[in-house]
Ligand SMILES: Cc1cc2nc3c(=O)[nH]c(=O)nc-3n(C[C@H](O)[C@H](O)[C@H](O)COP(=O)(O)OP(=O)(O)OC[C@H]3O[C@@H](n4cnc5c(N)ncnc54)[C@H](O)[C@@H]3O)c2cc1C
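Listed next as structure tokens is one chain, alone, in the form predicted alone.
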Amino acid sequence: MSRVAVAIIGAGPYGLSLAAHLSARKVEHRIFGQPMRFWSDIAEAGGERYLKSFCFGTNLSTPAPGYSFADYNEPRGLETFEPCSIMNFTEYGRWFQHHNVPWVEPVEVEHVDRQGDGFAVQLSDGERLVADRLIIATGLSGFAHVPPVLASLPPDLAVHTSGVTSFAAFRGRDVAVIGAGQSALEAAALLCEAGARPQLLVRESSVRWHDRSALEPGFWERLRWPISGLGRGLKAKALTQFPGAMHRVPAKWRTRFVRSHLPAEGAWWLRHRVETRLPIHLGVTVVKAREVSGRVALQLRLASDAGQRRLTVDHVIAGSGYEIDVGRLMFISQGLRSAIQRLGRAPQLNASFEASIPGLHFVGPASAMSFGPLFRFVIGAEYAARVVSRRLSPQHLDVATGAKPARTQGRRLT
């Protein structure tokens, strides 16, 4: 059985960025997964799909210059501010991978467990290896949150927005979309444009939309609503400028802030594709859902008069976001999962993104409860890659901790 210093599971923005930084520090590693798979699946479902974030805040990270999203877009005459298509972002990520991390191994990790002072990794192609250190960089994959009220419905009748493989498949169908965030609003627009008959069910009393940001804002606007890679406002600016600061905040306050930061809202460029185009039911909550003759009967509670009504549709799509839960990482052995200390259901991480299991690190959205909302987005990839690669470099491990250094005999190439 072969052994490697560092194994990275996941070849999305965080995994690719970390691999580029480890390579620059000459740390031996292997990285597994289909490059940008999560994003390509979203893009390939069809329709006009765009990033909600600014282009300049959606960079993958490498110490080498010339590989930002703008560096990719500008020579091609594509948008460098907003909005940028998700398909274009996927292609950018693959371009980044081709130039900076060509040794990605497009195989899946089927099982991980402890083995001595390392981790035994089983790959889908049958190979087994041992890694001294393991990095989980699987992004949002596997963390789609479907409300419990929909859990009993068969998957062909109820699906999360991330699970839609083709919006065109709903043509001519009645579809209830639940939620008021970007994914729900976008799904409703795409369904309408694909010839379906969507209805949007919103628990709140209104749908929130953020305004378009000026490319060259005035002095007072820059002062009051500064633009950063995380969005507009002083909080977003502070989180971007001091990416590691939230880790020092007491966990009770930090986790509350992570849950409440950035309420459900839609992008300005989506508004005209939703309003006046489809029915929007405000102040309604789904209290029961059941299959009736191959369709879905929804029992709705109305906030306006405390009454209820019934809505029958062909399908339900949940735009209910994501919930990080270590227990859902089924490729990790049950014993190893159970040993990971948590903040809520997310892993509790130290300042080097290391979990309570020595040598096991989490980067990306799984680190948000420990590091703040910045790490729910691509913009956090640079800080995470720099911190973890420095932690795993031989010089740091030898001098700062006395731990066994990561080997530097080269990296895995394919």
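Residues carry their position along the shown sequence, with the first being 1. Source: prediction; values computed, not measured.
What comes next is about the form predicted together with the named molecule, which is not displayed.
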Checked Y322, W95, W103, W225 for heavy atoms within 4.5 Å of the named molecule in the predicted complex; positive is Y322
Which one of A251, A169, V107, L78 is close to the named molecule in the predicted complex, taking close to mean a heavy atom within 4.5 Å?
V107
Give a yes or no for P347: in the predicted complex, does one of its heavy atoms lie within 4.5 Å of a heavy atom belonging to the named molecule?
no
Is it the case that F257, even though its partner is missing from this view, gets within 4.5 Å of the named molecule in the predicted complex, heavy atoms only?
no
Contact flag, A11 vs the named molecule in the predicted complex, heavy atom cut 4.5 Å
yes
Contact of S352 with the named molecule in the predicted complex (heavy atom, 4.5 Å):
no
Report yes if all three of L239, M369 and G372 come within 4.5 Å of the named molecule in the predicted complex by some heavy atom, otherwise no.
no
Heavy atoms within 4.5 Å of the named molecule in the predicted complex: which of the stretches 133 to 141, 243 to 251, 188 to 196, 335 to 343 has them?
133 to 141
